[in-house]
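Next comes just one chain, in structure tokens: the form predicted alone.
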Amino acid sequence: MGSVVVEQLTKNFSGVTVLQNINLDIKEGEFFALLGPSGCGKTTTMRCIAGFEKPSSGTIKIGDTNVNKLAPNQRNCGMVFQSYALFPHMNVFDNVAYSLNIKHLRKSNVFKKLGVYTRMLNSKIMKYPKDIEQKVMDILAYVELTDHAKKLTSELSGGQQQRVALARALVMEPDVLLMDEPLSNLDLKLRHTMRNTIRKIQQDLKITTIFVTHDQEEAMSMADRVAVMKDGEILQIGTPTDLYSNPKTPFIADFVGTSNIMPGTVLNRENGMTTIQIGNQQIKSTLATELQEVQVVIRPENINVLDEKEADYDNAFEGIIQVATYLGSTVRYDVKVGEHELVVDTTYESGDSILSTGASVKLSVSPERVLLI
């Protein structure tokens, strides 16, 4: 019922192509993220699914229905906007009930429409039907806003306003929930809290959710699968672990997490090892490749700082620490190795010493952790 299939979606604005052959197959009940930098086309993709933008070509299906010719209010999608789009003159209850009022308007005769309009203007004059009142209070209880039902939205915190917007979208029991960077206006601590809240609600309701974000940490921590976009195209779709461990392009390796990316030339392939020349250094990888010129990708946490007593490794390098940054549970070192500067993350425990700028260090990385693109 709530699956979403997008086939060969293209969108042009004034002759400029902003989406090129977008293909998505989102399963019912899946939490799916569209991830990419600003201007990559992720919000436009969502707006096409919602019906706010008309595709230049391609098809969009929600469930078994081709929705290309359906208006937004006929697609049964709930939308949470980046700005929340709450009505400041309405209290929390009226904001959440708004979509139900609109639904009643479409189904009512002239006399009933007058009652709905009156209720929307002033709910003190015209009371809500019992079914609407119960439905709104149930969803407010679900997002823990029961005690705030009569407050104006301007009297709420950012996190509470975000939950009002979420409740307004969910009260309609949509087939698909669309969320356009809903956490971008919140502070760091509140974003972490709301991630957990949104994910829990999505899992409880098993509602198909499409989440747009430029924050890779949000996408990786919340989504079942992620589509990475750039310049109007999808570069790779996969689980968070797939994208992090096996990026298909240097852009994905750099955008999804932090990576050391260096150009190299393959020297030989033997005994299950590929040897690559990087500047005046050689490095080995267990990955096979048919390419001669490659991009070598190493994640910072996969580089070890060796003790002087430790034995040599297959991939060992000497370097000079340029910067040491204390990050609480980790220490990040920028280390000059030959002509390259590597980012190295080490686990920090209370009492550990932090290496100083200018110190010489020996680094190693396991061949299994050296990616070749």
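Just count from 1 along the sequence shown to find any residue number. Nothing here was measured: the structure is a model prediction, and the numbers come from that model.
Not on display, but discussed next: the form predicted together with a small molecule.
- Relative to the small molecule in the model of the complex, residues 325, 348 and 358 are all farther than 4.5 Å at every heavy atom.
- Not displayed here, the small molecule is kept clear of residue 315 by more than 4.5 Å at the level of heavy atoms in the model of the complex.
- Residue contact check for residue 43: one or more of its heavy atoms lie within 4.5 Å of the small molecule in the model of the complex.
- Within 4.5 Å of some heavy atom of the small molecule in the model of the complex lies at least one heavy atom of residue 37.
- Although the partner is absent here, residue 24 lies well away from the small molecule in the model of the complex, with no heavy atom inside 4.5 Å.
- This chain is displayed without the small molecule, yet in the model of the complex the stretch 43-51 from 43-51, 64-72, 315-323, 334-342 comes within 4.5 Å of it by heavy atoms.
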